[in-house]
Every structure is written in structure tokens, then in C-alpha cells.
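Same protein, same chain, two forms; see structure 1 and structure 2 below, as C-alpha cells.
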Structure 1
Amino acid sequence: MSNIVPFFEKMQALDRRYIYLVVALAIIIPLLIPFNSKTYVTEPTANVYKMIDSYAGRSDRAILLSFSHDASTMAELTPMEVAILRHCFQRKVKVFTLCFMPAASPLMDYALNIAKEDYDVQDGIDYCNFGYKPYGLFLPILLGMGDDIAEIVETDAQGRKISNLPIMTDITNYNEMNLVVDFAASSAVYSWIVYARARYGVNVAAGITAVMAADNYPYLQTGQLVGMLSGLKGAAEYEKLVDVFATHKNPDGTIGRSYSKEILQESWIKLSDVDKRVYKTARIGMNAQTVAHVMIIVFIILGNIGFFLSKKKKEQEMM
């Protein structure tokens, strides 16, 4: 015991820069030497997938993706945006994008450009980017879309009149654009719940940073959120769902199959089988996340052992 205590005392006085170095290595090594950590899909993520999938091929259904974050949280939110957009493009779900933050505008283009690369989709027909709208118009647009989307949004990111676009056929208001997914690093989701959900009954889902997850669980539990993607973990889950179902190659040559819990439990996607890195960013990241979490747990245990041993030593010295 007397030999251990000085070790822990030294550990507690360790320069924080050594800790940074260990954290960096715990992340760099799993990224360079990838392994297939299993991704378990949680119910809130599966619910978002199922709802979007239920709109497949329907001209009278669409979803709205609201981008409420800037580049600082791209690492967590962009993989989920790309995964959802891929799902929509693959399953022919009409999708609209919108943002009220200037810094989110290029992030929408970035996610759209990555996702549409492998699909034959056209702006104005299969998807439409409403673009950046000033924050002062947040409430008027949010409420106005409950009556007439084309009237309140007026023009898309390219300045085209929305009412003239083919994508607007059969789409008038929240009755058709019945799901809003808000990607946020703030409490922006709350506004959609309070105004759009409470007043128009629109389905709201959240794609949020892990920091915000705990705050949003009460809304999930009460059914005010139909589903939720929490941080990098949520993004990794959605990436897996897209690979297992939406882009699955059937023996008869067709692509895509319906969601099934049984298939999901049996599925094992090897990361090396996924061609593009942008389609597995979150899952690669979760490898590093796993190692980093184990390391942090070890640090916490060591810190606590050191604390209690030092406390005991002090008590013995005082006696």
C-alpha cells in the first residue's frame, strides 16, 4: 500500500498535457487501424428511419430538413444529414432543406452535394433547397408553412419561385410536408415542437448533438418527438440502417427492402464493404469513440482510487 500511494499522488499531479497526448493517441490509433465495432440501433433512431421510409415514392408526402447549426458541430451532425439525405434520394422521398443561420447555409450545400453524388436527382424535382432565411422570419415561416409553403417561403436558394417548381405538385402545407427533422446544436428543436407540433400536429424529429440529447428526452418520452438521432452514435445508427435496408442489393437486382427488426439484429455490415468513406464517417468515428470512452472510464477509476488512498493516508497521518 505504501508503494502505491506515491504513484497515485504523482498521477494526480500529472501535467494535463500528458492526458491530452493519451486522448489523442486513443483516437488516432483506432482511426488508422479500424475495427468493426457493432452498431446497435436504438428505437428513437429506428423510428425516424421508419417514418421517412413510409413516405417512399409518394408524391403527396415530403420531409423538411432544418439546419440549425454551424461548422463547429459538423463532426456530429453532418454524417446524420448525409445519411438521411441518402435515404431520401434512394427511396424517392421528396425533401426540402432550410436554415435560419447564415453559417448553416454552406453546410446545407455541403451535405446535399455529398449525398446526391451517387443519385440521379434534380434540384426542384426530387429535392429543393429553400436556402437561408433571416432569423427574424423564423416564426412567420414556421407558422406560415402550416397554411401554404409556397406563399410564405416564396423563393428557393437559387431565387426561383417555389410555386412553379415540379416538386411542389401535391405539396401545400404541413399536411403533406408532414415530418420536420431539425439538426441542431441548440434548443432550436424546441421551437418546432412548441409552434409547429402543438399548433399543426406536424411530426417533429431531432438530429442533435450529444450535449443536447438529455434535454430532449422528455419530449421523446411524451411522444412530442417522433424520433431522435443523438450525436455521432445516432448518425452511426442511421448510416447502418441506410446500408442494411435502403441501399440493400436484393438477389433479383432491385435495391432496397423494408425495415425489419429481425433482419437488423442479424445484420453485420463490415466497414471495409462500404465503398465511400463519407457513407461510414460516423461508424469509423464510433470506433475511436469506443476506445476513448474506455480510456476515460479507466482514468475516472484511477482518479477515484488515488483520491481515496490519499484521503486514507492523510487520516492515518493525523491520527
Structure 2
Amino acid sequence: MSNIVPFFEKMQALDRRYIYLVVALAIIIPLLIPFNSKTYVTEPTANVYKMIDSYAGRSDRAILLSFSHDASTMAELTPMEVAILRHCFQRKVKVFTLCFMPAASPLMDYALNIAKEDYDVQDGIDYCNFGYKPYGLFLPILLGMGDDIAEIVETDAQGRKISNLPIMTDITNYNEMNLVVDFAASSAVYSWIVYARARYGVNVAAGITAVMAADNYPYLQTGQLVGMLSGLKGAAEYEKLVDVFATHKNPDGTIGRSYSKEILQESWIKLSDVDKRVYKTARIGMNAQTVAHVMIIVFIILGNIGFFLSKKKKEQEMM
């Protein structure tokens, strides 16, 4: 005990700048030198993937991605946006994008531009960006799309008439555009649940920051949300699903395979095998986050042990 106490006393007196330095290195090093770690996929994330995948190749099905955040939450939300867009482009799922925040418009373009780099997709045919719409039109558009999308939205981000675009073939309202994924750092998804889900029965999923997850779990339990991607962890999970299933190269040269829990449990994706760094952003970030959390936990444990040992030593000296 006499040898242990001095060590913890030194730890208690350690300049906090050294602790900040260690935590900083614990974050920076995994970002610069990525390592392979196991990504466990949760059911809410898998449910979003399976629903989108069920629309593959169908001209009468589409999804809507609503961007309800600004640049401050890009680290958590942009990787999941890119992952879902990649999934849609790979599996030939029609996808529409929309935002009601001016700050979200360039983020929407950014995610689209990254995701479509490796795919032969055309604007107006494979995907359509509705662009920014003033927030005052949020409720009219949300409800109006339940009747006629082309009539209520009218034009896309480039000013083209929606009804004239080839992507609108077989797409009229929420009966066909039957999944809305809202990416938000706020309670924006609740409006889709209260109005679009309750009135039209549209499937709603959420892509949210980690701190918002607890607020949304009740909606998962009631079935009002069909799935949810939570923070960087959810983005990492979806990245893995896309790599394991949507972009998987089969022995016969074909691309893609059906979702399977057995395959998912056995799959081990090396980050070095993923072609682009941007497609593994969330998984690299999770590595850094994990190491940093472990270091913080270690410091908390050492600090508490040192505190109680020092307290006990003082009590013994006073006796």
C-alpha cells in the first residue's frame, strides 16, 4: 500500500494539460492511422437498410431524404447521408432530397456529389433534388405530398418542372414515396411522425445525433419510426451494411446480395479494403471515439482511486 499511494498522489497532482494531451493523441492517432475494429449492427439501423433495399429496382417506389441540420452536426450526420445515398444508387432505388433550412442546402449538395462519384446516375432520372424550400411551406408541402408531389413541390433545385422529370414516372404521392428519412439534430422528425405518418401512413425513419437518440426510442417502440440511425455509431453500422451487402462482389461477377443476419455476423470488413476514405469516415471516427472514451474512463478510475487513497491516508495521519 505504501508503494501504491505515492503513485496515485503523483497522478492527483499531474498537470491537467498532460491529460488533455493524452486524450488529444488518443483521438488524432486513430484518425491518421485507422485500425480494423468490429462494427456491431443494431436492429433499428438494419430495419432502415432492409426497407430501402426492398425498393431496389422498382419504378413505383422511392424514398425521401429530408436534411434538417446545419454544418455543426456534419460529423455525425453526413456519413449516414452518404451511406444511404450510396445504397440507393447501387441498388437502383429512386431517391428524392429536400430541406427547409438554408444552411442545409449546400450540405445536401455535398452529400449527393460525394455519393454519386462512383455511380452512373443522372439527376432527374435516378435521383431528384427538390432543393431548399422556405420553412413557412414546411407543413403545406409535408401534407401536400400525400396527395400529389409534383403539384405541391412544382420545381426542383434547378428550376425544372417536377412533373416533366422521368423520375416521376409511377411516383405520385406517399403511396409510392413510402419512406421518409429525416436527418436532424433537433425534433424535426416529430412533424413527419405527427402529420405524414399519422395521416398518410408513410414510413418514417430518423437519422439523428447521438444525444437525440433517447428522445426517439419511444417512437421506435411504438412503431411510429420504422428505424433509426443514431449518431456516428449508426452511420458506421450503415456503412458496414452497404459494404457487406449492397456493394459486395459475388464470385460470378455480379454486385449485391440479400440481407442476412448470418452473413452479417460472420462478415469482417477491413477498412483497408474499402476503396475510398470518405466511405469509411464513420468507422474511422468510431475508432477514435472508442479510444478516447477508454482513455477518459481510465483517467476517471485512476482519479477516484487516488482520491480515496489520499483521503484514507489523511485519516490515518490524524489518528
Partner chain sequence: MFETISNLIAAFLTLCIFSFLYKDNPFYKFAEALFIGVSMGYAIPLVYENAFLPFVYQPIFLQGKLIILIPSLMGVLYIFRFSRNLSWLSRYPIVFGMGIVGMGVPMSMHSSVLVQMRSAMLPLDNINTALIFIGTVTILLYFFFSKEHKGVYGKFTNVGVWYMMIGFGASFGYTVMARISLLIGRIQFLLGDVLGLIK
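For clarity, every value in this text was computed on a predicted model and none was experimentally measured. Counting starts at 1 and follows the sequence of structure 1. Just so we're on the same page, rigid core means the largest C-alpha set that superposes within 1.5 Å between forms.
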Check against labels, form predicted on its own ends up as structure 2
Expressed in whole °, the turn of the smaller rigid part against the larger between structure 1 and structure 2 equals 18
Between-form comparison on the rigid core puts the Cα shift of Ile19 between structure 1 and structure 2, in Å, at 4.4
Once the two forms are overlaid on the core, the CA atom of Ile305 shifts between structure 1 and structure 2, in angstrom, by 4.0
